[in-house]
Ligand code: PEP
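Just the one chain here, the form predicted on its own, laid out as structure tokens.
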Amino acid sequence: MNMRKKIVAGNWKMNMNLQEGVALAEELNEALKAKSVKCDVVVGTPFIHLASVADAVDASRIGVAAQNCADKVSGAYTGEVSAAMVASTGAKYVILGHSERRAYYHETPEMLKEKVLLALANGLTPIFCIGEVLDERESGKHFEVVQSQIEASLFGLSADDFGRIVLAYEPVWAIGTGKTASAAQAQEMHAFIRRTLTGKYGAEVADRTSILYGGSCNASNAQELFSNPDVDGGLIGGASLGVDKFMPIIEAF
């Protein structure tokens, strides 16, 4: 029996001002009150929303995530937000290594390694993103790319620390493009990731690790994606910005 945590996490990206974000969180909280759902629900908000959203929701119903944190403990890093600051807001998760951070802000595997360590040291659960771009998929390098992303940033962790990580596979070619990896492609990659983890940490740790799928997951394809044995939920972008679109994905379990 698969005892892994099922998780549906929304990534709001750079959308909604503070008031709109709090209103959305409150609406989602109300919608979840009325339902008994079979997965953990997380919302990944901009930094300035974190404390207000954490206050606005029932922590037993909704976990709050930052979308990033700094790779330094503290100090003269104007504009950066540390893992300790994130944790102090009541947020329990942090999204790290998102393809947009890697592509636009040149985050390296080495920086991400530091971010993961600082997140764990501050009691946060990293949702660590991995995934290939279109030309890597088309040239058949997708497995190699994903494996190296995992190895370079996470394989320095002890088995205990690795056990506190959630992975999110996001084929970069399917983010916001309307293209989705087929359920079979998602399952194939998730199973490959789990085998990679088994090779390093053993079957027990690998079997316990939740691996989410991200990349144009929505109400119409969530059930098919989530029915795969190695797909443990979703990291949802655009469809998490409205309760009417997000709830059907949560209810796909």
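Just so it is clear, the model here is predicted, and its values are computed rather than measured. Start at 1 with the first residue shown and count on from there.
Separately, the form predicted in complex with this ligand exists; it is not shown, and the next lines address it.
Using a 4.5 Å cutoff between non-hydrogen atoms, Lys13 counts as a contact of this ligand in the predicted complex. Within this chain, Glu100 lines the site of this ligand in the predicted complex, having a heavy atom no more than 4.5 Å away.
This ligand is not drawn, but in the predicted complex it has no heavy atom within 4.5 Å of Gly123.
Interface membership of Gly63, defined by any non-hydrogen atom within 4.5 Å of this ligand in the predicted complex, is ruled out. None of Ile150, Ala87, Ala174, Leu118 but one reaches within 4.5 angstroms of this ligand in the predicted complex through a heavy atom, and that residue is Ala174. Note that among 196-204, 54-62, 210-218, 34-42, the stretch whose heavy atoms approach this ligand to within 4.5 Å in the predicted complex is 210-218. Residues Gly215, Ser216, Cys217, Leu235, Ile236, Gly237, Gly238 of 215-238 are found to place at least one heavy atom within 4.5 Å of this ligand in the predicted complex.
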